[in-house]
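Next up: just one chain, as structure tokens, the form predicted alone.
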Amino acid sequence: MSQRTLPLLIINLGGEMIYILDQRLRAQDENDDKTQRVMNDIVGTMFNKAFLEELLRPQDLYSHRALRTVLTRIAHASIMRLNLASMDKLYDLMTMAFKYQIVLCPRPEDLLLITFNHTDTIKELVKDNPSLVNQINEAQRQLIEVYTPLSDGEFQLIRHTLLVLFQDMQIRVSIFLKENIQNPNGHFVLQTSGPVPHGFEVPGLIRWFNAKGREVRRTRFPSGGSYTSAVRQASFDLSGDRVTLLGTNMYSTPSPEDMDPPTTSTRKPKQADTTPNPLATEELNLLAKLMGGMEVQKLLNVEAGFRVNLLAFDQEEEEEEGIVISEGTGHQSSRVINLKVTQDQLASTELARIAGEFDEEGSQTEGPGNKGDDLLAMMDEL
């Protein structure tokens, strides 16, 4: 397990969270100034100097529970609030988006390019705040200083650590399902076409060399895919062409296919495009139905804040899950029974109460040496 994985994990998951919240706030026609303030508060907390210094310290990877706690506190740095069920839903979307990017990145070192795509896009969202832009630039400098000297083997270990963390997460996302890049069982579909990474050759050729190291003959074989030559080298500097679009905002680009490596040398990352993607908007509209809208509640002597509920149990979900049981009879037609799965509000509330008690008991037995305590304590002081 690599001890350099946590910074990339937090920044990329935080970037996906910012994409979702930004699109959701704008889709709800909230006040632009208030929406921008929420984004500024979240970005300012995520790229805080003391927070990044603690984050970049070599350390073991956190558990999913600790990661949710850190990301929840980042989101709650603004006037917006998420309840536990809402944060769990948001966390599922963040992790599946980042897992998709990890699976599709052609080289382990492209994880750094994915991270830079997130920071570049976030920088565009807060471009009117020079202080935040400087914070993000400083974070990128630190990432360049820490990660560019790493070898291919060290990047592969980071990628392997992330894949082990996400291997049991197979949550279906409607955007991915409709684009046929995710199977109904939650597994992603790997591409067998497109440009090969920079520095690699198109597969399908075997070279034979003699004892003197001279090539004597060549043999070709079917590679099983339609690959093309590499386009160009990506920039690992503070700014530049990242080549890959993995890690850019899929909720504002024309299609999730743009997250894949480009097939022409003229395609560039679309960071400033604010036109909503219809498929991505449909996914977020489902979230809106589950959220029941965002309410601004005014309390006595307390500033108004967003109350976000991603799982409103008093509303029927638009996409119903079902269990299909087929009974083969030897005929062309078979009997299919659809069992509708619903959520009971009282049962869910009781389960949440029991889970809360379990978490409290577990936290008492773990002692003061829990992983992430230093980071969470520092966030309390911000």
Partner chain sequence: MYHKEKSIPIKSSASALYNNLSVLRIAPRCLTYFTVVHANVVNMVSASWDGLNYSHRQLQSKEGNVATSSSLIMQAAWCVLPSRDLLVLTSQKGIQMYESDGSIMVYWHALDTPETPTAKAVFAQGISAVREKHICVGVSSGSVLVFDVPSKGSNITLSEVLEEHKEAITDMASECSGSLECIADLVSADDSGLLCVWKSGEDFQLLNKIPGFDTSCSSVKLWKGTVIAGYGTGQIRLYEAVTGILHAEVNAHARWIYSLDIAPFTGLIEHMYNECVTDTQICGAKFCDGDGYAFAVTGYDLSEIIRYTQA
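The shown structure was predicted, so the numbers you read here are calculated from the model rather than taken from an experiment. Residue numbers count along the first chain shown, from 1.
As for the form predicted together with its partner chain, it is not shown, yet the points below apply to it.
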| query | finding |
| --- | --- |
| Listed range touching its partner chain, judged in the predicted bound form by heavy atoms within 4.5 Å, from 128-136, 115-123, 168-176, 233-241 | 168-176 |
| Single option in V202, I144, I79, A85 placed near its partner chain in the predicted bound form, where near means a heavy atom within 4.5 Å | V202 |
| Touches its partner chain in the predicted bound form: N183 (any heavy atom, 4.5 Å) | yes |
| T148 within 4.5 Å of its partner chain in the predicted bound form, heavy atoms | no |
| Close approach of D92 to its partner chain in the predicted bound form, 4.5 Å, heavy atom | no |
| Y227: touches its partner chain in the predicted bound form, heavy atom cutoff 4.5 angstroms | yes |
| Neighbours of its partner chain in the predicted bound form among 146-163 [non-hydrogen atom within 4.5 angstroms] | D152, G153, E154, Q156, L157, R159, H160, L163 |
